[in-house]
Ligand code: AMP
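In structure tokens, the next block holds one chain alone, the form predicted alone.
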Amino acid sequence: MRLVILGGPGAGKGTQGRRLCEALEIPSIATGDIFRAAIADRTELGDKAAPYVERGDLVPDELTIEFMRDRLTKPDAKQGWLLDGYPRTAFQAEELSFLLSDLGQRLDWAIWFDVPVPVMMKRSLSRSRDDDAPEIIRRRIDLFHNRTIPIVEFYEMRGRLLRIDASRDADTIHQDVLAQIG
């Protein structure tokens, strides 16, 4: 099973992603983890990404897709994977589609954990992390909506989108996802 998870802050992507990977026995692939590991290991790609990460900038799309190409060809990803944090834009979703075609793979589902804004705010504020101040959370939610709606439309037009009501409890959400992906 090859999956992409989408959702705003507090939508439950982390919780549901972990549960899905365990249930399906597939690796979770998070771009942030990939960047950090490559930088720490001083790989060629890591050295190219380091200046962006150190400045807090987004790693350019061309470089990110090379990271994805490298990661999706690893032995543990042959039978499937779950992408968390990529794609973040409709352009990246299209690039991922081209990459998967090149690799002879196909995305099974993009799973959108749909949560109303007040629920995202409440969940995010309850996490009590340093970067979870109300104004920061609100900015993240706004950015999420601006970037994600085109991605949702991209996958919906291709018949690859599952919309999940993620305002429910974690167990209900997990069972719903498993039932929908078959």
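Predicted model, so just to flag it, every value in this text is computed and none were measured. Rigid core (definition): largest C-alpha set, two forms, superposition within 1.5 Å. Numbers for residues come from their place in the sequence shown, where the first is 1.
Quick note: we don't show the form predicted together with ligand AMP, though the next part is all about it.
Asker: When the contact criterion is heavy atoms within 4.5 Å, does Thr31 count as touching ligand AMP in the model of the complex?
Answerer: Yes, contact at 4.5 Å.
Asker: Verify the contact flag for Phe35: yes if a non-hydrogen atom of it lies within 4.5 Å of a non-hydrogen atom of ligand AMP in the model of the complex, no if not.
Answerer: Yes - in the model of the complex, heavy atoms of Phe35 and ligand AMP come within 4.5 Å of each other.
Asker: Under a 4.5 Å heavy atom criterion, is Gly80 part of the interface with ligand AMP in the model of the complex?
Answerer: Heavy-atom contact with ligand AMP at 4.5 Å: absent for Gly80.
Asker: Considering only heavy atoms, tell me if Asp57 and ligand AMP come within 4.5 Å of each other in the model of the complex.
Answerer: Within the cut-off, so yes.
Asker: In the model of the complex, does each of Tyr52, Thr64 and Arg88 have a heavy atom within 4.5 Å of ligand AMP?
Answerer: All three within 4.5 Å in the model of the complex.
Asker: Tell me, please, whether between the shown form and the other one the C-alpha of Ile141 is shifted by 2 Å or more, with the rigid core used for superposition.
Answerer: After core superposition, the C-alpha of Ile141 moves less than 2 Å between the shown form and the other one.
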